[in-house]
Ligand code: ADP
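Single chain ahead, written as structure tokens, the form predicted alone.
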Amino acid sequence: MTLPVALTLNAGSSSLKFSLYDIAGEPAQMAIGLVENIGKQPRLKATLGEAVPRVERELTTAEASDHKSALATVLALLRKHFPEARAGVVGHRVVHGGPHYSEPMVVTDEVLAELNGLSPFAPIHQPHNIAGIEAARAAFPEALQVACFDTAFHRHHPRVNDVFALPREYYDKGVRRYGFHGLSYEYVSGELKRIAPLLHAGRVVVAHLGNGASMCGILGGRSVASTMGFTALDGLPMGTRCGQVDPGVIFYMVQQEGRTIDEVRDIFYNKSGLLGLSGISNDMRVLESAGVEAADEAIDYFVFRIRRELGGLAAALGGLDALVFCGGIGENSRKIRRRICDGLDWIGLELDHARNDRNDRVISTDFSRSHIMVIPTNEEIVIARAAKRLLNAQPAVAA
């Protein structure tokens, strides 16, 4: 007897996140895990259901020299523990879908070629997402491959929230604001519709705060503005990414310091953000416990930018009915949530410190005009649901 399952993959520059879902009914997670430090000192972490102890071990370089070998290692683990499972569909997180992909898509050769062409728009993400798709196609030649795009949730922005004040032909070339973290926003918006439909119908800002960080203004369940723009560099400072910066800084680095474009890209993507500001770490937990001025200054800037962007998004929405936190920092850092929300009664936000310290779902006071909530995000289930939907939409094959 075989069990129909969906495998979800999220390929990063040196990592491969995976989940396995039973899709006989509503997708139900069977396993979740991560291979990190691919090609360097790879390590596997996985949870394989309630009956199986957590797996955590170092891998040899041969077991995870690249995404293809890392996937082979993952599949060997899953086949050992779930021998009855048969993957009929593999769902992939793809960071950039460009101006045209506003829904999950079945990956064909033509679609894959188009996604390759978008690599300059997301140079540290897109090539690895594509590597994950290619590895999965080789491992599951009969399975349906489905791409789910982080940009898709934002594809209905008003033009004023999409365009840059550049010559018009650049918009036609695809130089526009795309927004990212769309799978996370789609999940949180869906959960809000389930648990608080009146808020979902209103004006909501979701703050996805983690090593990658952004905020999204959502009106009636649809994204109308995002802090991220053409690439995943814009907006908030992140773990190692700079966030908003004057483009003139690039001219200065190139012309005055003699840096190459590749060197500037490396600084902006890998050496900036919380790491660059603090000189200590990109991990908020480390910075909160460091107790040194440089760490405190990095946190100060992170909080300041969030508060500033919150005001801008509330203006784009015409007001604010709810602020929702998600992501690793948003879901777990009580201190950061408190620092963001304290003193924002002018915008209708009043934090209940006791609820915040307990990590309650609703952390605003009963008298707050706008709600403050914490909703843990789940990008994998969004991918699994889309994968199942597209699998079911395929025409039946005659026996």
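Sequential numbering from 1, following the sequence displayed. None of the values given here were measured: they were computed from a predicted structure.
What follows is about the form predicted together with the named molecule, which we do not show.
Heavy atoms within 4.5 Å of the named molecule in the predicted bound form are found in one stretch of 68 to 76, 119 to 127, 206 to 214, 293 to 301, which is 206 to 214.
Among the residues D283, D321, E114, D234, the one placing a heavy atom within 4.5 Å of the named molecule in the predicted bound form is D283. This chain is displayed alone, yet in the predicted bound form one of P99, G328, G88, G190 has a heavy atom within 4.5 Å of the named molecule; that residue is G328. A residue is said to contact a partner when one of its heavy atoms sits within 4.5 Å of a partner heavy atom; N332 meets this definition for the named molecule in the predicted bound form. Taking the partner from elsewhere, D162 is found to have every heavy atom lying beyond 4.5 Å of the named molecule in the predicted bound form. Taking the partner from the other structure, the named molecule in the predicted bound form has no heavy atom within 4.5 Å of any heavy atom of E134.
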